[in-house]
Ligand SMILES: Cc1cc2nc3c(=O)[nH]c(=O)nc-3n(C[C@H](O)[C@H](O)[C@H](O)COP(=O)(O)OP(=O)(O)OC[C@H]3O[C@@H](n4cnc5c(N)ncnc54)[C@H](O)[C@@H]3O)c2cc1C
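Below sits a lone chain in structure tokens, taken as the form predicted alone.
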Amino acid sequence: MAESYDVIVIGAGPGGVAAAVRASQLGAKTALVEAVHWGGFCLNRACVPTKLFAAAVERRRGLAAAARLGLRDVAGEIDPGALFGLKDELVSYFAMGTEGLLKAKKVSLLAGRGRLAGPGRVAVGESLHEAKAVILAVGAAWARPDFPGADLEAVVHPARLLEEAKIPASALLLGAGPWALEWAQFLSACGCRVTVAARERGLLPGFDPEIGQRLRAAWKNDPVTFLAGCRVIRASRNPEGGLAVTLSVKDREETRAFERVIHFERRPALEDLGLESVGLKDLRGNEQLQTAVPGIFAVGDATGCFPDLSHGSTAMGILAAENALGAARTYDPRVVPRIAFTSPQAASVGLGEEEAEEAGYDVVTGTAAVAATPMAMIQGAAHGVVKVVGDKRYGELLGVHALAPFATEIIGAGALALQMEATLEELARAALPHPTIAESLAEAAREALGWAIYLP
């Protein structure tokens, strides 16, 4: 029998790292188990790489408008090879930094595949460890699509694209969520012919529908083809190379050629986790993130609480560690922002207008077009809106939604307002700095209350 711990965390992604550090801060003897990558999927295969690509797209768009700001002879063309090289440098740097951080926080690092081995026991390779509490942050695994031909080599997930470090000539992206749209813009900016196939009728499912509608309008001149209400019937090898993909588009079948089909679906990574040793079938938990087995907590993608949100996983990890050591804090997913690093950026937190109506609220909304603000004009932002959703009866703020430059930064104020149970009146009277895009938050709240200052 190896060492005993107060808390053992399995999985060193955002949720696992946060849980391990917080448990150690609270005085618990803590171990963190990781088989492959310190920093997890987000750092190595998702958040850091894709946001680097999104930054390149944003800079390129800015350079295209540079002449308007008096900058001469400015041009921008993305060099994918250089960008993939920078990605590797950043990922390596942050992975080493994560490992160093954990050691500095006095967390014991156990390298290897971790699995449950009965109540209060965790096996890592051939070693067996005991723990008073176990936190599972094992993330998710890729889920193959279910259409015929989905097992062909040219049907890939984004991590495979990162490994290949090449831009395909053409690609069909399955889904219109944030991840898919970020990849769509990047691949298109690198010269790939991109088609987005979405089962839904609009972009960004899970966001307030108005945000997706406005993003589609903002992309009307982009060389990206959108197929709404679309599903893949089958895929086969194309004699000329790549794939022949048969699609159902608005109940009509058609076949198109693509070099790659890219899928984004993932499922909780529960295989070989030893759940049967403690009588668990999945990792669904209560509001305090405890599973059906006392002393076992689960956070992040492993719980099935998609979409993939590393900041949500971090918040869950902190709460799970505190609850594992005796607290009774609850996790509220409604105050976790949903974000898309598209251009323009999109962000939502809380309830959308339709969700609020379905929940029985007497809904009032307010919108402020960001294009009317001085900073938007300076930035050359022709599209965008900040929208608030509230309850007319009590003035409660229910949701904040934005499509704008820096929306992923602005939404933090909305998340904090919801967490602190702010009212529309309180948001309307906030003295937000000028000139900024963020000042549209207050103006949208004023518009909801009927006393907008700067809107016509």
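Just so it is clear, the structure is predicted and the values come from calculations on it, not from any experiment. The first residue of the shown sequence is 1; numbering continues from there.
The same protein also exists as the form predicted in complex with the named molecule; that form is not shown, yet it is the one meant from here on.
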- [ ] Please check if Ile10 has a heavy atom lying within 4.5 Å of any heavy atom of the named molecule in the model of the complex.
- [x] yes
Exercise for review: Answer with yes or no whether His311 is in contact with the named molecule in the model of the complex, where contact means some heavy atom within 4.5 Å.
Suggested key: yes
Contact test in the model of the complex: Gly112 vs the named molecule, heavy atoms, 4.5 Å: yes
task = May I ask you to state whether Trp183 is within 4.5 Å of the named molecule in the model of the complex, using heavy atom distances?
result = yes
Testing 368 to 376, 175 to 183, 286 to 294, 208 to 216 against the named molecule in the model of the complex with a 4.5 Å heavy atom criterion leaves exactly one stretch, namely 175 to 183
Residue within 4.5 Å of the named molecule in the model of the complex by heavy atom, from Ala137, Val386, Ala346, Ala324, is Ala137
The one residue among Leu351, Val107, Ala189, Ile339 placing a heavy atom within 4.5 Å of the named molecule in the model of the complex is Ile339
Of the residues spanning 18 to 37, the ones with some heavy atom within 4.5 Å of the named molecule in the model of the complex are Val33, Glu34, Ala35, Val36, His37
